[in-house]
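First comes one chain, alone, set out as structure tokens in the form predicted on its own.
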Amino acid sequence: MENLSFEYNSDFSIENLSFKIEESSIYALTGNNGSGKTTVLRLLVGLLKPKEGKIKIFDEFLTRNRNQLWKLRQQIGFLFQNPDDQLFAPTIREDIGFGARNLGLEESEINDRVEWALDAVNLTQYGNSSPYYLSWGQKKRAALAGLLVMRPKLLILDEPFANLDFKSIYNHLQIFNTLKKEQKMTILFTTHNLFFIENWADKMLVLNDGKVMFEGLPEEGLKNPKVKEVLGSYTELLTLIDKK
């Protein structure tokens, strides 16, 4: 993104936003509620139109051209916060195969990709199950599998660890790390949790009211006094717990 501006009526705006995500890296986008994180993700995939500025993805400037958007979206996987927004077919296997069929692939290739994706997210045994009978964590993995069959170069994750138990978080991290290592996938994720920023991200961007407060290495950002003021810190939480 380069000098990007956007506004919702006059209620909220993003001003002069610029950042770059390196290939095969893990990039964290954070900030308080209402800071503009999800808006940035929607701008990146062409769901929203910027007022000013440029977006360049895979060495190609983003336009509103339908053919270009279709081509780019085949290379981008967007995992929503709520998996129920992405799951709709009678069975997990059918749901996962939907995206691959839209690519016009041969049925044998589709079946191979579906089985690979089911195995990648550890849901092979649930392939013929309805997504509505799965746990929240399993639904998240099923929605992710539906993206993986597209073999995206960029994976965008909106609060991927929200509402997950520790075991589910561990399983998801294993999957994401494998994708980054074996598929050379680039990962952009939003989070409020400083643990994932500190221990998982290569770089971080902090938004505050639609403006960039910090961009750089997590170890530097999490020590920045202004960032601490906006995001809070572990020390503050521990102090409250100790007092109680």
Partner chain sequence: MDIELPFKHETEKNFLSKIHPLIRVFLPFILVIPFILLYDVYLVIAITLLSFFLNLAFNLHPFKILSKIKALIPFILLITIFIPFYVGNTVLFQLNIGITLNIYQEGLTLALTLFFRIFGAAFIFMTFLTSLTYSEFIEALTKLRVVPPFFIGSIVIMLHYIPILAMSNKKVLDAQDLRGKNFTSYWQRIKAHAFIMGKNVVHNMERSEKLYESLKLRGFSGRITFSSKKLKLVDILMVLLFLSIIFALIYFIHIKQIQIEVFQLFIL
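Positions refer to the first chain, counted from 1. Predicted model only: the values in this text are computed from it and were never measured.
There is another form of this protein, the form predicted together with its partner chain, and it is not shown here; the text below is about that form.
Using a 4.5 angstroms cut-off on non-hydrogen atoms, would residue 78 count as touching its partner chain in the model of the complex?
So residue 78 counts as contacting its partner chain.
Quick check on residue 42: any heavy atom within 4.5 Å of its partner chain in the model of the complex?
Contact check for residue 42: yes, within 4.5 Å of its partner chain in the model of the complex.
State yes or no: in the model of the complex, is some non-hydrogen atom of residue 94 no more than 4.5 angstroms from a non-hydrogen atom of its partner chain?
The answer is yes: residue 94 has a heavy atom within 4.5 Å of its partner chain.
Would you check, heavy atoms only and a 4.5 Å threshold, whether residue 160 touches its partner chain in the model of the complex?
Because no heavy atom of residue 160 falls inside 4.5 Å of its partner chain in the model of the complex, the answer is no.
169, 134, 150, 105: which sits within 4.5 Å of its partner chain in the model of the complex by any heavy atom?
That would be 150.
Given its partner chain in the model of the complex, answer whether the residues 182, 200 and 203 all have a heavy atom inside 4.5 Å of it.
Negative, none of the three is within 4.5 Å.
Can you tell me which of 190-198, 29-37, 204-212, 65-73 lies within 4.5 Å of its partner chain in the model of the complex, counting heavy atoms only?
That would be 65-73.
Considering only 86-101, what residues come within 4.5 Å of its partner chain in the model of the complex, judged by heavy atoms?
Heavy-atom contacts within 4.5 Å come from 86, 87, 88, 89, 90, 91, 94, 95, 98, 99, 101.
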